[in-house]
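Single chain ahead, written as structure tokens, the form predicted alone.
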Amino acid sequence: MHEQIQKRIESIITNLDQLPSIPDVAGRVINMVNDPELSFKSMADEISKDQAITTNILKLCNSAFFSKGKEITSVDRAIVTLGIKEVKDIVVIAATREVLNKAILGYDLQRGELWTHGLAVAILAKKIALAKNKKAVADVAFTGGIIHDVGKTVLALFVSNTFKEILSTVESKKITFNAAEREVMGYDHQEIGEKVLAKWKFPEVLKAMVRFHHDPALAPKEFLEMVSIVHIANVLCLMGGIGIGADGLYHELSDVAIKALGVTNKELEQFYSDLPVVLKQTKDML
């Protein structure tokens, strides 16, 4: 293990100002959605406090992916037309784009590839949730899909400097890429991602989805199904070559995740065959 690198990573994660930031409105809206007493007006008022976010939201509302065929010209109209959870998804996309839509060179991801991958995982995760009769949490699966790899934005430089050693550790010890990250640097991108979400004041379920998306077997029992949805969506997207990066070949489907969701081989084949449609829907949001 590189102790100097570990100490540099620790200095970053203990200094919140060095971690990626997003507009506060995103964290507030995500937490508001959990309130059964939430009104359309209070959510619209909260979003409208941030003019830049509002502008981006209206663009996304009128995109091919979200549009219901009616032009949306205000946040109030967006919530009435699309619903609170759908607008929450749009807020997350608008708020995280700047953080995730950039080159992540340590993982060999050019500008836009991590963002495309996150959106594709989000769409597929939502499809999986709906297919497994989990409509009530499909929006949470979507959010988790978008942000699952946010830790890579912090670790990219360190991975770039240690990539050969990480890869050598993967091959010599027959372990996953993220396990090799931990062995070489003391941290993996999942752990760092959880720290980022804590800064953003995101709920515990989303922290779990980021922290364990490669290790569902380690997820808290109450979050296992949600972690499993994002895990399966992520691995299938990597298998389909969407945002595969330098580490993509070194992840595999977890039997624990498949069992937790009760996913059959036929369903896995169907989800995988959906990828061309998923990719097209992803491009509609770019």
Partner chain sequence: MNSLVNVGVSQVGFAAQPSVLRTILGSCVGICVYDRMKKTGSLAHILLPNNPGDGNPEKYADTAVPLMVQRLIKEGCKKEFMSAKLAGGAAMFKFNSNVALGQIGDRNVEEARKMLEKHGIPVVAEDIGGNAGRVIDFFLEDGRLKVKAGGEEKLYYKV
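Residue numbers count along the first chain shown, from 1. In this text the structure is predicted, and so the values were computed from the model without any measurement.
Another form, the form predicted in complex with the partner chain, is not on view; read the next lines as being about it.
- Of the heavy atoms in V80, none are within 4.5 Å of the partner chain in the predicted complex.
- Remark: D255 counts among the residues lining the partner chain in the predicted complex, judged by a heavy atom distance of 4.5 Å or less.
- Although the partner is absent here, S273 lies within 4.5 Å of the partner chain in the predicted complex, judged by heavy atoms.
- At the 4.5 Å threshold, heavy atoms of R28 stay clear of the partner chain in the predicted complex, well away from it.
- Note on contacts: among D139, D108, E191, D215, the single residue with a heavy atom within 4.5 Å of the partner chain in the predicted complex is D108.
- Between the partner chain and the residues A131, A103, L167, A198, the one pair within 4.5 Å by heavy atoms in the predicted complex involves L167.
- Of the stretches 119-127, 95-103, 139-147, 175-183, only 175-183 has residues with a heavy atom within 4.5 Å of the partner chain in the predicted complex.
- Taking a 4.5 Å heavy atom cutoff to the partner chain in the predicted complex, none of the residues in 48-80 make contact.
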